[in-house]
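Let's start with one chain on its own, the form predicted alone, as structure tokens.
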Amino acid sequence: MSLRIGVVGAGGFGRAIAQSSARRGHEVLLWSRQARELPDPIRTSTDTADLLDCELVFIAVPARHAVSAAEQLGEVVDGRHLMVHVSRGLVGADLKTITKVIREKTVCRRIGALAGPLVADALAEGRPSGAILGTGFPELTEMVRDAIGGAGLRIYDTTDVVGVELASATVGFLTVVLGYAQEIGVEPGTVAVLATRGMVEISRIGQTLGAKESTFLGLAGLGDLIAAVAGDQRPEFRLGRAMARGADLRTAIGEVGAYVEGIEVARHLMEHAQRHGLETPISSTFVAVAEGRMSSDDAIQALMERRVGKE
């Protein structure tokens, strides 16, 4: 059955969702602030009112634009619409999730978050991959599977929505860390320590915000991180490499050519962890490196000299 699908945001992920949905025979409308052209049969628009007839709306904008996008959608959508976002970020120092923003700015309640080892190129081209959908609404899961799932894309689901969103956002930061580590030539064993202990740190933070530890060990967390280390060439990994070559944060972001939310998220995570008395040596050390307060040599030495405890 053909669905009427709306996509908000014409970045790489937005275009990939639109292409994937159109390839499966659905009617697709892509909305963006500026006029765009995409191959038929995808329609494009700069008028949010055109999204009114859509059944399922994907929100594919960075977290920093999520509030304004949700406000615009709030003027046209109603309780009939189902929504899912693919942002890897959080909003503000209080680590507000995008689903919470959607609930605050719209009347839509059947919402969810799509995350995991899914990159835009693979989705657009139909290459085999997997994803995890966090939602409490089975009808949304089925509709998302109909929209972009299939033999080439396995979409699993969980009711731990906040866990999916937090894992996705924090894995983005850890990916920067691992890109940095590989570029400076650390040994594979050290990369493994950074990945596993870093995941422990962010899962502990996630649990203070209501997430389940197991979610960080699944596709939204560890699965996503494995894909990054395996070389899916996501922007966060390239950002870490650029920083390791000596570029400051602003210059490195320019080299990558894409907005990366991981560093900003990390700063807010560290503030949250401190308020809760959590130790986050890997995350805190890398934030210091990113801000120019510590060299890479001093960072590795400081981490390796820490007292070793139980796993």
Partner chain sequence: MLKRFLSERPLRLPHIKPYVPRPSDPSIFWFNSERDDVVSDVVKRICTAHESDRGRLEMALNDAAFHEIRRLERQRDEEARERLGYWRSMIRRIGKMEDSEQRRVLHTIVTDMTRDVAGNFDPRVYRFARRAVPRLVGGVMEPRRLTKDLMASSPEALGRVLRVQGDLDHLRYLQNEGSLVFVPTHSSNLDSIVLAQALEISGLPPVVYGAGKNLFTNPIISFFMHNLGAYRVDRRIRVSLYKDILKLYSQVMIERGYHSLFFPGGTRSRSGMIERHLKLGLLGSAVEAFTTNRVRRIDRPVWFVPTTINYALVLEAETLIKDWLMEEGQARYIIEDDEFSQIDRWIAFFRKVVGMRGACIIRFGEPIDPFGNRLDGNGESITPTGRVIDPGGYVEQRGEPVIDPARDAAYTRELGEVLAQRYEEDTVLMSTQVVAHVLYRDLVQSTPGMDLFARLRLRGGIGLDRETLRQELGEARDRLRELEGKGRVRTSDVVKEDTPDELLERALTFWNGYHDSTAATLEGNRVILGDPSLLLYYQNRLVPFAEDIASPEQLQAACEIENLGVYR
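Here the structure is a predicted model, which is why all the values come from computation and not from measurement. Numbering follows the first chain given and starts at 1.
Same protein, other form: the form predicted together with the partner chain, not shown, and the subject of what follows.
Colleague: Pick the stretch from 133 to 141, 177 to 185, 113 to 121, 85 to 93 whose residues have a heavy atom within 4.5 Å of the partner chain in the predicted complex.
Modeller: Single hit among the candidates: 133 to 141.
Colleague: In the predicted complex, do 2, 77 and 278 all put a heavy atom within 4.5 Å of the partner chain?
Modeller: Every residue of the candidate spot has a heavy atom within 4.5 Å of the partner chain in the predicted complex.
Colleague: Taking the partner chain in the predicted complex as the reference, which of 107, 217, 191, 226 has a non-hydrogen atom within 4.5 Å?
Modeller: Contact with the partner chain in the predicted complex is made by 107 alone.
Colleague: Since exactly one of 50, 248, 255, 55 fits, which has a heavy atom within 4.5 Å of the partner chain in the predicted complex?
Modeller: Exactly one residue meets the criterion: 55.
Colleague: Closest heavy atom of residue 208 to the partner chain in the predicted complex, within 4.5 Å or not?
Modeller: Contact check for residue 208: yes, within 4.5 Å of the partner chain in the predicted complex.
Colleague: I'd like to know whether residue 154 contacts the partner chain in the predicted complex, with contact meaning heavy atoms within 4.5 angstroms.
Modeller: Output for residue 154 is no: heavy atoms all beyond 4.5 Å of the partner chain.
Colleague: Considering non-hydrogen atoms and a 4.5 Å limit, does the partner chain approach residue 103 in the predicted complex?
Modeller: Within the cut-off, so yes.
Colleague: Within 4.5 Å of the partner chain in the predicted complex, which residues of 7 to 44 have a heavy atom? Give them in sequence order, or say none.
Modeller: The stretch 7 to 44, when checked against the partner chain in the predicted complex, contributes no residue at the 4.5 Å heavy-atom cut-off.
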